[in-house]
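As structure tokens, one chain now follows by itself in the form predicted alone.
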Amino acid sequence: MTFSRLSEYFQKLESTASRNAMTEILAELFKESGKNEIGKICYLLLGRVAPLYEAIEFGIADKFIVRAIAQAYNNSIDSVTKAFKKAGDVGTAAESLYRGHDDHLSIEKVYDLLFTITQTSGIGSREKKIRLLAELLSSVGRLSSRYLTRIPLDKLRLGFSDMTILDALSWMLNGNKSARVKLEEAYNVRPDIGYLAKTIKEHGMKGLSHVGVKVGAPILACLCQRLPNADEMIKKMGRVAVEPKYDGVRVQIHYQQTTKTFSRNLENTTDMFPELQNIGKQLNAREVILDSEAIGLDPKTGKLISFQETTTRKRKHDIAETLLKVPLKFFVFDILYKNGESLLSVPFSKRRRILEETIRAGNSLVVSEQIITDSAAALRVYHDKQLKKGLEGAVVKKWDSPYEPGRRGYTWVKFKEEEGKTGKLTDTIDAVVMGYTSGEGKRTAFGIGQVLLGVRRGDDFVTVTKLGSGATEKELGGLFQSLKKLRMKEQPKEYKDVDKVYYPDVWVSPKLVLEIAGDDLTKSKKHGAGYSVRFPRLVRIRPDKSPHEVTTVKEVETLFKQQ
């Protein structure tokens, strides 16, 4: 298939807002794709050349794309910049200035050249990247130039994620979404959409039997469900393990001679935790995958520090300096794989024993403490003890349960403070920022008044509240700096059922997640979620969570019933 043909599919996808229509268009594309093309197409559809967990980035900003367009079409940088500012989109600007010719480059050729750009580094690398991109732009058609310039900037914004692609793969095979559940189960263990698509194209559903745990490829994190109190937890779960709920950063540790780490949203965080390169002495294993929570320590007192301070370690620069300022302990609470054997289906009781046999005493890794009980009273006592320590509460785990990647089942349940910072709600809500209003009065200086927040409905987002009075001016000012980079000229396609009364002054792409508390939930005819948070207040920004991890409409409904 040519890149020109793929661009026609891009155009179809860009012009539709219907999730079902997108799924069918993608299914047509996948049917037309060859087995050696489909995986690369899946990456390109998401603006990438590799799975999300691979630390492979283009490293190109708007101004470099402008220079590439100028070189490709023999224009001045000023004229390209003017076209970009007028259109508000680099792809539209490239299309309007097009002076190339379509030589029918194949998808594989374009993909390989884009991959080469990501691998170009060192002295003069920016100029090399600009030259390579300019050569590509001069060799593709007018429509192709629109999408080729957006891909390196992660600005395709076609309005779907990996989950819609899974639907489309099912549709390709069966003409419906009947295979989605099994595809998602495989994805949760191996979240590489290109690899899965190639496997399905080549071997059909039977190919999923070969998809398994691999050191170096993250497994989606098992997530916690909500239950209102200790009595309900014991009634529903029976015998449980109860562990501290640390207020830190989730880190999945992969060891095989060297160490790789991944965040809960699949980001490769290896460079951020250099101390983990020396954990071999702490492991009674040649290869292992561990689930842990990283908590910062005060170097002077040795006490655990706040989430906000811990997240200062999640940076790409000045790591050595920050390492000294914020030393970490990694509290390991589960083991998913050891010495060639997946442990996902092994009961937690056995996984815990294997974990304790695997971790030796040392500086970085600590096995998380726990108690085993079937008593609601004992559960409450342990929970209260954790709160007094300054932790968030407890995590309650069914003692004989498997590890369920990517799922919020009742095998793991959060037991957080029922009154206080969460209001009357039994838990906080993770919401994505959809847009914001300009500040008025004193808040004009901060550039932001209120933020519109949404929860997830499938691959889409619907409104649940506006946040303003529940955040300080300093917090709003910090939000504004983060949101400036995410501004969009139009409402993103993923935002559904937004009542005009809630339209923000500025729309933003769904990237930033906030954790909010509230007094309670009420039914709402105006908010797309069907519910509204009363008196919302900001708990914290969650850079460790992806938009796919925000609270769902179904979970909001559960919270409403529990309050």
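So that there is no doubt, residue numbering starts at 1 and follows the sequence shown. Owing to the predicted nature of the structure, the values given are computational and were not obtained by experimental measurement.
Heads up, the form predicted in complex with adenosine-5'-triphosphate isn't pictured, but that's what we're talking about next.
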**Request:** Name the single residue among Arg142, Lys329, Lys245, Arg126 that comes within 4.5 Å of adenosine-5'-triphosphate in the predicted complex, judging by heavy atoms.
**Result:** Lys245
**Prompt:** Just one of Tyr187, Trp412, Phe262, Tyr147 has a heavy atom within 4.5 angstroms of adenosine-5'-triphosphate in the predicted complex, so which one?
**Reply:** Trp412
**Request:** Report yes if any heavy atom of Leu166 sits within 4.5 Å of a heavy atom of adenosine-5'-triphosphate in the predicted complex; otherwise report no.
**Result:** no
**Asked** Does adenosine-5'-triphosphate come within 4.5 Å of any heavy atom of Glu267 in the predicted complex?
**Response** no
**Message:** Can you work out whether Lys545 and adenosine-5'-triphosphate are in contact in the predicted complex, taking contact to mean some heavy atom pair no more than 4.5 Å apart?
**Reply:** yes
**Message:** Is Val395 near adenosine-5'-triphosphate? Define near as a heavy atom within 4.5 Å, in the predicted complex.
**Reply:** yes
**Asked** adenosine-5'-triphosphate isn't shown here, but in the predicted complex, which of 173-181, 109-117, 131-139, 395-403 has heavy atoms within 4.5 Å of it?
**Response** 395-403
**Within 496-522, the residues that have a heavy atom no more than 4.5 Å from adenosine-5'-triphosphate in the predicted complex** = Glu515
